[in-house]
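Same chain, two forms, each on its own as structure tokens: structure 1, then structure 2.
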Structure 1
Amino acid sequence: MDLYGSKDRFDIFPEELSGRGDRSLGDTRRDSALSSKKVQRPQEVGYDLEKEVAELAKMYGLDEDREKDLEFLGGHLEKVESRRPPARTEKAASEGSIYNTSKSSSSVKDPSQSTKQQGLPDEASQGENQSKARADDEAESNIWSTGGLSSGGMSDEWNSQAVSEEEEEEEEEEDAADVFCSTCKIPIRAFDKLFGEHKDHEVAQLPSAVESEKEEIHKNMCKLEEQIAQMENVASHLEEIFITVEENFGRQEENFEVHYNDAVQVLAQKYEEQLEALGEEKRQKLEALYEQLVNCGKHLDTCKELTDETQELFLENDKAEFMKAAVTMVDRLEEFLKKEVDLELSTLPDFEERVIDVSEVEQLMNSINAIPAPCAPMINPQAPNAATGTSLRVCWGLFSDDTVECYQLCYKPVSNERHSDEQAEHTLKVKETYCTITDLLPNTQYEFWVSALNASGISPPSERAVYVTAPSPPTIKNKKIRSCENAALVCWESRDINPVDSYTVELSKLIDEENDDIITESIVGIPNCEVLIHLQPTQKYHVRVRAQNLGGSSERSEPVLIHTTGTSFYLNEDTAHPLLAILDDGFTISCDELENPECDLPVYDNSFTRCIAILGSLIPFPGKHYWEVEVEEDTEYRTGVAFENTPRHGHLGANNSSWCMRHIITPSRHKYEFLHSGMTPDIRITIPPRRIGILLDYENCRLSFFNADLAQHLYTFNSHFQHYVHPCFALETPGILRIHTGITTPPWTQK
């Protein structure tokens, strides 16, 4: 896969490293390499060592100075090298990967060089290589002076990096430099700093210089790795495009082949036809000319014959004979000359004007690029959530590779009525294989079909697909919400005529009074327009509803706020006695007169007829429910709970389906009764309550009445309620009752 010998590098570095690691154990090869002061290029390690040694010895023979450096090597090399291997390993690995993608000219140079060395191990090439290596040394030295190990001086190119590395190694091995001259950007011996040319230069300890350099290199490596990843991405993308191009062109080639073959065949046929027609014409013309020629010859013969006879006549000496013959001859001549000689050409030598009909070919040629009219597209069935209340996203596809310029999408609402044709049919031209149609009616079925068009024509229409728009958002019945500390009963109405599949209720628990609309809970698949939601006490919730059908879900309804601080119910107007009025706040009931003089008030099926009463609609939920009733001291009333079906013609508390507290004013005192089945205990209360607290506790089977102002317990019915009950209120004298709901159950009501 890699043309540039990265494999060499991969293999070489570990080998070299192990060599270094084993050095203390007396690796002879390594020792010899060191002692010979080899300029060790990584690529060359695999190469014959003996030759290398010889070569290097030769090299060093030319460089006297380096001989001296050898002495320093022993002391420093070990230390320096022991630090190097980890960095080198990492470097080697990343270099290998760089080679896979990076194809810079500089990187090409080294491997080719190494290949050459290995391939042609003769002296000439050795010499060449050697000189080349030296040239490289010089070049690298230049880089040292500019890039080298100085921080930030590292070139972005791999080449200089790699070269620097090599150079660095080389330098270390030769010089055993222990400090780094920042001015000259080269490692030097400390000795030089003291006495040499670097005397006045700024220096750094070599280890720290190495560390900073490594860091810098590492940074660049990271950059390179990023680039590699990027390039790999690009490469894989290009590969995809490559495949696509191949496929597309292959298809086009086939297409061309088919169409040009057709065209060639048609042309050949035309040629045959033309040739035949031409031959026929030629034959006919020749025949006509021949005939004319023959006639001409005949005529000529006759002429010659007549001439001969005439000349013979002139030779006749006998006058009489001559005259006799002459008369006949003259007649014959006259007769002959009378005959018209047809000298005109019976046929023209030129071709008949032939119209060569190439229209068919033209069409064929055209059709090479304008492929035949497409096949009928295939319309997709409705995808989930591809609809809103007023829009639909319709998708379709093609069976074949037909070329399509655009599609013609038609739709109309599905109607059960017979005059469906009257329904407006809409047509749209669409470029894509999908279309979002807007301005539709919610929760309505639409029929869609689509045809494909190109220059050659229009396809047959697809099958018809029925899509349905999402429903309209429902409307929560705000005034019909019932709730308690642990639950809420929410109901709503659909705004659509057509039924929807289900509803989803979304709950948002409001935290910290903020209008926090994060959905904390969803209840899906609700078939009816009503749901009982379990909630946590003393919280605030926003409740929203969505309607759902095949097409998707509607927008959310307007939110309703539910406080789970206490029990909230509403008054069921259907049950109200005709003389009982509910004031605007919805929770104050009043009665102005006990008898209606006209006595013809409307009475509903469900309303109380005798007792001027009304039922509340309490949430059907176990647990505790508390509410309060504010009363006037001089008003007679009954209040408590009753089953939903408590008799409408009786008095509350007079039957076994209602439990209530009754206030009666006697001439001597306020009398209080706690009625169930018409029975009451004998209880005297010294302070007439103004605000009655009522605690319904299903779990403990009790219904308690309190003087809420005093937190005074008045009476408790102990009854196991077989069904859910509803609050009930009745007025027995003109007056008003104010009902308070949503109150936290006071602690003093607990048992």
Structure 2
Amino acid sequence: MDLYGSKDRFDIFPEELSGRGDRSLGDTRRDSALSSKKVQRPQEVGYDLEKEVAELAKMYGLDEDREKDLEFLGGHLEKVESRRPPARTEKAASEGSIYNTSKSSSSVKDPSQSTKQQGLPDEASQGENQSKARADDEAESNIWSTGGLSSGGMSDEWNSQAVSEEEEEEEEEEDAADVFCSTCKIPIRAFDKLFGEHKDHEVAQLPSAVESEKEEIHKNMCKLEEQIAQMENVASHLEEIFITVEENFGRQEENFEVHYNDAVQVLAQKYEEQLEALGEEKRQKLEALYEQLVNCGKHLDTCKELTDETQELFLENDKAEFMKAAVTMVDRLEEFLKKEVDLELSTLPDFEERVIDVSEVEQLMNSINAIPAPCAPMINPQAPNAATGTSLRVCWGLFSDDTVECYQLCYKPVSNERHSDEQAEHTLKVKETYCTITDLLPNTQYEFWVSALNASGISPPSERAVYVTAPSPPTIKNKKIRSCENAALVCWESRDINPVDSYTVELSKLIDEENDDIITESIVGIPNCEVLIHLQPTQKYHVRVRAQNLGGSSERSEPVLIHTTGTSFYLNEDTAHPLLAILDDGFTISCDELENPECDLPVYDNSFTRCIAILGSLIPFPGKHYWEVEVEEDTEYRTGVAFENTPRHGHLGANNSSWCMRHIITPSRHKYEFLHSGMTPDIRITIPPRRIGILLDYENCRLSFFNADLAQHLYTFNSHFQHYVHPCFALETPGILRIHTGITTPPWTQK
């Protein structure tokens, strides 16, 4: 009910109106008279305000919101009342009592007014009642305004406070994030995940996200603490280095000064010696030149004397005297001219280049930083997994704090032969105390020793250590692999001359094509070149093998695919009769020769010599095993199982170490025999089988034969197999047998 828009509000405060009506009644009458026309006009045209408001609320869907708002405001009004000051609360309480009293009075007056309106339907009575209602309304407004607390003011204050409370709660609800957006890295509301911009983002629960972030922060804090500790250690070490540098500088400065003075004295002495030697050489040169100059002067004087005497002789007129003197002069001239005259210089003007020997000075200068030759290093033994098939990592150290410029590492392969010393040695120079040597042979031992070098010389060599490279990857023998529904026997061979320590088999279950390299199981410490592996039925596996030794692990071998859908085996070629041929698929045997199989043929150690037969691989798995043999109707054959030691010079089924089914063609029919120790039961088979199923049951000691095309049981041997057996096949006439392995055991074989 709207108390401020209907006639019911006129009698809300009758007590206050009666007390104050004298003061404002005249004004109220006048105002009501002026507005009577406005009130009567909508009533005359049938205007219904409440109906129109209800239609508008329904049109815009506000009727439901209004009920919620009223409930919401009701709760907040109680909160507002509880938060008011005490004086104002008392006043509101008194006014609330007035409000309640007026409401009760109004509820009493309403029936009388409605009765009066029904009894006086004329316009005069309606106008009087409307005028009275407007007058009461004006009086009520004056009472509220005079008291200082109008109903409109209280309503506005309550509404504003209620709206502010609602906005605060809405803001709190908006800010109350309960999930964490992993894409945007911010907390969000679950509503935003369902309908907001984070709809397609990955989110997590806020508590779990908080725990994850705390854990990450904790890890980073631990790393930070480790870095702090490392930096503190480095800083402490640097401080020690600073002190050591200062001490070393003082010692080196004093040492340098002493050696420098000695070097200067030696240089001065060398200078004096060289200067004295140079002066002596000068004196010798000058003396030699002076002597040569004196001899040259004497020779010139003799020449001039002879020249003058000869000229005087030419002036002699007396011929007899001339002849006497001429003979003597000629002899003197001839004797003089016979003497050789040395016209070359006795010495050269250039001085000999003198090389000053400063070796002593160099020795003194070098002794400034004189260091002793280092001690012999200590080579470390080989660390596990420190090698590959072609490389080795060698490490060594020093006993003392010797100064080392570099190391000289020597190595050679170890040989058991007598002339092992003749193996080529290799030498490397390295700066560090470790070295990785490449281009080596797999699974080969090498001998290493190392020496340290500095300016003073080379140390004695270390003791020799033997390292070994990792092995080569093994080679899996595909034709030696046998498998069944829950196991497989894998065989391989080593490619190395030297023996290895052990082998590791790695299994990868092929669920899809992407997990080819995911290792699902590893079997380590295998001493031999074969292993029996337990597998899961109806699965596919990739099997790889590694070889292990002290140096480490080899690379993985090439993978081999194994199916566990049924029993798989291969044919042993070394047991085949010479007339029997194995086709390219490895599971088809044929015989084209029409010769007598007992003719003279080369005999092999493990081959059949009389029966044209062949054995399959040993089936070393307990349980049930099934395979099939496809035959031709006009071919005579034998098929079954046999022990490893079954006689090679006899027929299959003719001894107590083999069990087989035999097909022969007689003039009247196809005859089938089930032979063991040469005996067979009397069994007639009307429909010749084209595909023979063979079921070997170790646990129940049975060997059964079936017509696989008809799912028909043919015969069963009940025999206790003391050893594991081989599948066996034989041809008695030219023809072909096709063996099918890896077949799931048919359910009809269990009946």
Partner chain sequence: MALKQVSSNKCFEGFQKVFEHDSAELKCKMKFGIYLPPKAETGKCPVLYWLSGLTCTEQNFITKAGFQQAAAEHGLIVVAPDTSPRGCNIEGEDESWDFGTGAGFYVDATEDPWKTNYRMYSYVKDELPKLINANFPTDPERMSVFGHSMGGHGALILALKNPGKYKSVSAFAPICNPIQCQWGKKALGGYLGPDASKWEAYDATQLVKSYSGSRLDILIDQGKDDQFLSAGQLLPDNFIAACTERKIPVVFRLQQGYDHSYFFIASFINDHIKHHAKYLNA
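Everything quoted here is computed from the prediction, not taken from an experiment. Rigid core (definition): largest C-alpha set, two forms, superposition within 1.5 Å. All residue numbers here follow the sequence of structure 1, with the first residue given the number 1.
Between the two displayed forms of this chain, it is structure 1 that matches the form predicted together with the partner chain. Core-superposed comparison between structure 1 and structure 2: CA of Ser236 displaced by 2 Å or more.
After superposition on the rigid core, displacement of the C-alpha of Met323 between structure 1 and structure 2 amounts to 2 Å or more. Core-superposed comparison between structure 1 and structure 2: the Cα of Glu630 travels less than 2 Å. Aligning the rigid core leaves the CA of Leu333 displaced by 52.2 Å between structure 1 and structure 2.
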